[in-house]
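The form predicted alone is given below as one chain in structure tokens.
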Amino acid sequence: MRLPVAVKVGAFSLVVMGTYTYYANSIPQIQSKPPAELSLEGGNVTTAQLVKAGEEIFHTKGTCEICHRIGQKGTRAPDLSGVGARAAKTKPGMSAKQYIIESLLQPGAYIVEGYPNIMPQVDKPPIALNRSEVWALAAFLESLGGNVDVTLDDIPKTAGAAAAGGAPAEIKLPGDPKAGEVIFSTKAGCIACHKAGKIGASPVGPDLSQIAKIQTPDYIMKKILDPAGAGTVAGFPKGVMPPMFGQSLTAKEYMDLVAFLLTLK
């Protein structure tokens, strides 16, 4: 018996769809997930495991690579090659682990010559590492040329308090990011010196594509109004960023610009 053409076509379509479905479901699916929170309190961990965890934090959640390099000069912050050995000689009376921990939790306590005071506290937003993560990161930094002897007890129990309750609440400012993007490219003229994601390409000033990932809203707001007071990023000329945005921009334009910069993550 001859089957109608419509039936043949329908049957063929089902076979093709079934084949594609089978192969599609056999392909491993890639999911985008936020960085997992590390917790080592009360658990046993070897030095090697701790250093490995710290290295991963350095490259991911800690966002350290945005400013620092290992084995080459960074644009915003010092080269960390050999920091585990240098740290013991940086501040008299301080061991390597003490200096490294202070540098992570109170980065403004000691500023390396030639670099501005722009590093945020790693246990506070926007980075917000918890106590275990600070411990692992300190261990990794110690391992760069030094001996790892940092313990969890060396990390203050108050470290990471902002991260302990989960992700920090997102700060909402009364600005329009879309309008701020226009201000960035036109009236403020930021595009003449800075790159911000797909916008701009000038190397005169630092790349701002991830500025909200490494700096607080407070820093960003102050930097626009008082660029010299906030320090000049290492490797870039001083006094280039104009200090008159507080007068040239309206209050709305200023808040719109800040709102746009806070989207750059």
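Numbering starts at 1 and follows the sequence shown. We call the rigid core the largest set of C-alpha positions that still match within 1.5 Å between the two forms. What you see is a predicted model, and the numbers here were worked out from it, not measured in a lab.
What follows is about the form predicted together with heme C, which we do not show.
Annotated contacts: Ala85, Met94 and Val148 are all free of heme C in the model of the complex [non-hydrogen atom within 4.5 angstroms]. Comment: heme C is not present in this chain, but in the model of the complex one of Ile199, Val51, Leu40, Leu208 has a heavy atom within 4.5 Å of it, namely Leu208. Proximity of Pro156 to heme C in the model of the complex falls outside the 4.5 Å heavy atom cutoff.
In the model of the complex, at least one heavy atom of Leu141 sits within 4.5 Å of heme C.
Interface membership of Lys195, defined by any non-hydrogen atom within 4.5 Å of heme C in the model of the complex, is ruled out. The shortest heavy atom separation between Leu261 and heme C in the model of the complex is within 4.5 Å. Contacts of stretch 194-226 with heme C in the model of the complex, defined by any heavy atom lying within 4.5 Å, are made by His194, Val204, Gly205, Pro206, Leu208, Ile211, Ile214, Gln215, Tyr219, Lys223, Ile224, listed in sequence order.
After superposing the rigid core, the C-alpha of Lys213 moves by 2 Å or more between this form and the one not shown. Once both forms are fitted on their core, a CA shift of 2 Å or more is seen for Lys238 between this form and the one not shown. The rigid-core alignment places the CA of Thr60 less than 2 Å apart between this form and the one not shown. Legend note: Cα of Thr63 to Cα of Leu257 is at least 3 Å closer in the model of the complex than in the depicted form. A change of 3 Å or more separates the two forms for Thr216 and Ser103: their C-alpha atoms lie farther apart in the model of the complex.
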